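Have a look below at one chain only, the form predicted alone, in structure tokens format.
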């Protein structure tokens, strides 16, 4: 693996922002050895001291938010306010881990058997690898490297090649906060760098990305029996029942769930099913809500939609639209790349869709959505479950018991009633089927970076 240069492009302009050096096998191996040594010290540090350093990191995120947001927008293309929202969201998650970790990780006496005290202890894993994602590098990243560090692990962190500048900013602020340079290290490069990380004698692997890559990681590491979290893709369904209080409000919420961050999110609403009794009325207000979205320069605060982060993905979006139309779908808005500089694609709505079409089966990861009419709850459940994924599912219904009954029949790691496309640090984030396995966030997201030890003390 020869040392080379990674070119960073602005997807809004197509222009090169910067050239940064990539890691190679030699530099990664050196970093890994240093992390192995550094972790020996880091794990002995009092938990409260590690927490104090992580709080410093959180404070630095807040202090530098404008610079961090500008860098994030420049390389991934999301509107500047969304970049600010992301950094603030990361700060909020870090607050959860700081607040909860001491009570969750403390050694606990669970039983006394005569003269023997039985104590549950949580030890760190060692050196863990975090291969992260470009769509929410702060929000996705802090799910992993923050609890990993708090629990006493060292972290070898690979940001996506599409958010490498942000990854380097995260590393810089970690060091400024007081994390030793042999406890957290970023590695820069494309997919082959990630593959090489899997050859190291690591103690855990935490990946966020596509099902295809996640499957390869699981297959390659199966004989090592490593702790692993794979946060993969989704084809997340949403069902609007015939019993909602305010259809306009629902339509606006669904449009945000579909098109926030250009739909480049694993938990974005990707399939919309609407009860036939409200279908026409919903469609009217949903199209209006979608047409209010404005596409353009992400530095212009009036724009709600920036460019597609990976220009190569534009071809796939067009293929999904063309496939649907060829199979009988009707295009209501959008449907063609916007001409001019930058990788811009408008919010797109297709109706008369069915499950023979790619747009209703394959993860879109962009602003193209199919809206499908259903006769009743049974039909909705059938279609919602007709997927290889199982990340999240949503139902809008003022009868919460009915909504709960529907979602209890849908196989997904997260359920939403009268909301969608949200993540809370207090609840586990986990997928089923091709959406992955393992849980980040919540108390489970701390235990994921530990190995329990039972102590029998007589």
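If you're wondering where the values come from, they're calculated on a predicted model, not measured in any experiment. Residue numbers count along the first chain shown, from 1.
The following text describes the form predicted in complex with nicotinamide-adenine-dinucleotide (NAD), which does not appear among the structures shown.
Proximity to nicotinamide-adenine-dinucleotide (NAD) in the model of the complex, taken as a non-hydrogen atom within 4.5 angstroms, holds for one residue of 289, 372, 133, 317, which is 133. With the partner removed from view, the residue among 239, 138, 207, 145 that has a non-hydrogen atom within 4.5 Å of nicotinamide-adenine-dinucleotide (NAD) in the model of the complex turns out to be 207. Of the candidate stretches 192-200, 101-109, 341-349, 254-262, only 192-200 has residues with heavy atoms within 4.5 Å of nicotinamide-adenine-dinucleotide (NAD) in the model of the complex. Contact annotation for the candidate site: 248, 274 and 396 all lie away from nicotinamide-adenine-dinucleotide (NAD) in the model of the complex (no heavy atom within 4.5 Å). Contact annotation for residue 86: none of its heavy atoms lies within 4.5 Å of nicotinamide-adenine-dinucleotide (NAD) in the model of the complex.
Contact annotation: residue 355 falls outside 4.5 Å of nicotinamide-adenine-dinucleotide (NAD) in the model of the complex, judged by heavy atom distances. In the model of the complex, nicotinamide-adenine-dinucleotide (NAD) sits within 4.5 Å of a heavy atom of residue 213. Contact annotation: residue 158 falls within 4.5 Å of nicotinamide-adenine-dinucleotide (NAD) in the model of the complex, judged by heavy atom distances. The partner is not shown here, but in the model of the complex the stretch 361-391 reaches within 4.5 angstroms of nicotinamide-adenine-dinucleotide (NAD) through a heavy atom at 363, 365, 391.
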